[in-house]
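What follows is a single chain, given as structure tokens, in the form predicted on its own.
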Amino acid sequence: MSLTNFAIIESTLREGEQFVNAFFSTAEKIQIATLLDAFGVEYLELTSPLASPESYNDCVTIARLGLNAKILTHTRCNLEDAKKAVDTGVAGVDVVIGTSSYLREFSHGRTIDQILDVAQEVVAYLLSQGVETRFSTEDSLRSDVDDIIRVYQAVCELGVHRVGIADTVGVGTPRQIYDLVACLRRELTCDIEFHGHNDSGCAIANAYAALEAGATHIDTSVLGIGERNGITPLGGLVARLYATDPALVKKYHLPLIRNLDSLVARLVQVDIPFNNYITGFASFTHKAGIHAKAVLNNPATYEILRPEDFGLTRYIHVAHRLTGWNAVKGRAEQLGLGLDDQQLKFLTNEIKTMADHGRLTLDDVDALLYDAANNVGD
């Protein structure tokens, strides 16, 4: 059900700020927030106002921009943090506390009973202030399920808007995530949020499994940036949902994914990976002859995503030994050259021979095609 009724909590300005190369200025945060809002995400999550004086000011500034997206901030589960968060004027506060044995022993040192007490205190306060409230357990996948259900039920009874599952170390599999969310869906009436790290490469699959099981909110960041290997990438989640049914993401302005990926890549000084979802330079490039022929006849034969829907175009690569004459014909037609099939097949063999003896460029192929067209009749 949640595949058709979900919201994205875009956390580039919180989780993304924990990426090793992220040092966003206020102006850059406004630029990212404005573009994400134009894309259409439902929520923007910002770094805790307790992190630094500038982090507090950023919450205040972005909360006052008048964006369509709801502005959230993220804090530890204690009353002083919650009060500071409310003071910034954000629309919602996301509180988190570790419930795994690792974090209870080596981080905050609290028992489950103590966590239960502070969770109820903080959630009750936030709800009394009229802000949208989420309570999340950190390291949920390595926590005892009975423990987290007990805490979630308590805050759910208070009226918390949603609870969060955090695969903080990226250890979960899609099956595990599905089973955990489905279990919580049976026990709880509030919304369920999923936050998944990508340490073992499952973040997108896990987010999708969470939605299938009944989660209502998914955390993302642009390019997946965040602590260590980061979290579910915005573009990757959109690609996965689009591949299921383009209607699932029609509420978003899809061509802006390219702008978002380019902006954030520049700000954190990384290259967009060649195989990045949607925006990698090879995403819509076809090379093998049988692929090229089929795509020229009907792109859906080898494309589950339509590049046009993302403001992009496909590219048929012809300057290599794997090319086929249909691809060469397509390039000749792009150039407006009137070459017949016999000529094109001959030129294709020439291209393959040249490629066997060294690297070719598209300019090399174009020169060969132009030369053949200019010599017709000689």
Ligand code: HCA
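Remember, it's a predicted structure, so these values are computed and weren't measured experimentally. Start at 1 with the first residue shown and count on from there.
Not on display, but discussed next: the form predicted in complex with this ligand.
Visitor: Quick one: is Thr99 in contact with this ligand in the predicted complex, heavy atoms, 4.5 Å cut-off?
Guide: Heavy-atom contact with this ligand at 4.5 Å: absent for Thr99.
Visitor: Classify Glu17 as contacting or not contacting this ligand in the predicted complex by the rule of any non-hydrogen atom within 4.5 angstroms, answering yes or no.
Guide: So Glu17 does not count as contacting this ligand.
Visitor: Verify the contact flag for Asp261: yes if a non-hydrogen atom of it lies within 4.5 Å of a non-hydrogen atom of this ligand in the predicted complex, no if not.
Guide: Heavy-atom contact with this ligand at 4.5 Å: absent for Asp261.
Visitor: For Thr88, is any heavy atom within 4.5 Å of this ligand in the predicted complex, or not?
Guide: No - in the predicted complex, heavy atoms of Thr88 and this ligand never come within 4.5 Å of each other.
Visitor: Given that the partner is absent here, state which listed stretch (353 to 361, 366 to 374, 8 to 16, 21 to 29) has heavy atoms within 4.5 Å of this ligand in the predicted complex.
Guide: Result of the contact check: 8 to 16.
Visitor: Name the single residue among Ser221, Ser143, Ser136, Thr133 that comes within 4.5 Å of this ligand in the predicted complex, judging by heavy atoms.
Guide: In short, Ser136.
Visitor: Go through Ile278, Ala166, Ile148, Ile177 and name the one with a heavy atom inside 4.5 Å of this ligand in the predicted complex.
Guide: Of the candidates Ile278, Ala166, Ile148, Ile177, Ala166 is the one lying within 4.5 Å of this ligand in the predicted complex.
Visitor: Taking only heavy atoms into account, state which residues of 53 to 76 are within 4.5 Å of this ligand in the predicted complex, ordered by sequence.
Guide: Contacts from 53 to 76: just His74.
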